[in-house]
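Next up: just one chain, as structure tokens, the form predicted alone.
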Amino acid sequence: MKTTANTRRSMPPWKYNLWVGVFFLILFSVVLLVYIATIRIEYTWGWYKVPSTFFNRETIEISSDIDGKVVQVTRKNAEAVITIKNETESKSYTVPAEDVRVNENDLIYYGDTLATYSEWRAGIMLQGLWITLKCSIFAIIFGIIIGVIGGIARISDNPALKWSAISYVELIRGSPLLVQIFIWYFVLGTMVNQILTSYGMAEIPSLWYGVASLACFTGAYVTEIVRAGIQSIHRGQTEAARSLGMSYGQCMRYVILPQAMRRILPPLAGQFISLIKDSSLLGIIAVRELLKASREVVTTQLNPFEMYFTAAALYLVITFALSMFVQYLERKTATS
């Protein structure tokens, strides 16, 4: 907003309006070119299919899990109780009365439909959006924790801490994220799940290995951002705090980190925006995030343009919201 205001002050109104018109002309030209291209390839747009991928009304079937005979069907208000009995057992089912499919004395076999009802459910795209947000939020939280610890260790005088932080940063930054996801899921995940299974414990879902890979990858970059932020604070701040009797931990907590945080917010925002977009790689380990959900819809509905444009728009909304939030934090922490 400030940049726009400054531009208006430094440019005559007619010239400013002229360039605004040029911008919208360029935007219109791009949209027109895309439209002409789709006509040339005889693509049929199907935007009407998109809403059903977010919310849809599904028909739910209630099935019998025993063989027997319907001995009683009792209706009361919006519900019905269906009782099925055979030679060894009797079982009752409470179902919605709107669409009961059986009557008294009907013979029922295992898996037969007793009743159906309809309800609104979240579609596959909404589920994918939620998984993307869930992965990104947890990865950002763990990435910040790893980065702050790693950044402090990176400038420590303790060689074990310093060299460990350097090794971690160089190892993670020197290998592709895709390879790290494979290692976390196929190597570490296989070993951990086999150990858990041998002790009769439940396996860890692939989602959390994806979160771990993203957090470790982001943590390496946050480590360097935090290190640079801390070292940008004049050394006299540390000396003044220590002269007042503060310990090294108190100096970092109350003096150095609050000042460094204001300086590292912009690069942190850029890193977290990249993290949200990198979460699209988790589809390769069977995590149904936003992009994988889009691909699944494309394989069934055959509307790639609409779904990929929709996915891109959703990623844009998420990253733009994060960018606005960081700008708000910058304004709140700004000093005169």
Partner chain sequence: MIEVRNVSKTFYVPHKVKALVDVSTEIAAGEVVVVIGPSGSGKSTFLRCLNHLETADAGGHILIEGIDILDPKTNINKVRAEVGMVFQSFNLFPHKSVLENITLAQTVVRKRPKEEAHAKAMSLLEKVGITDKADAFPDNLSGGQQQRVAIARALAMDPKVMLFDEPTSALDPEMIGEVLDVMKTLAQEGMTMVCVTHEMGFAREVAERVIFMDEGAIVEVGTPEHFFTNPDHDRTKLFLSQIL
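All values derive from a computational prediction rather than experimental measurement. Residue numbers count along the first chain shown, from 1.
What comes next is about the form predicted together with the partner chain, which is not displayed.
- Of the candidate stretches 119-127, 233-241, 147-155, 195-203, only 233-241 has residues with heavy atoms within 4.5 Å of the partner chain in the predicted complex.
- Looking at the partner chain in the predicted complex, residues L171, Q180 and F186 place no heavy atom within 4.5 Å of it.
- Site annotation in the predicted complex: the residue of I166, M261, V255, A228 reaching within 4.5 Å of the partner chain with a heavy atom is V255.
- Note on the partner interface in the predicted complex: the residue among T113, Q250, N105, T94 having a heavy atom within 4.5 angstroms of the partner chain is Q250.
- Although the partner is absent from this view, M246 contacts the partner chain in the predicted complex, with a non-hydrogen atom inside 4.5 angstroms.
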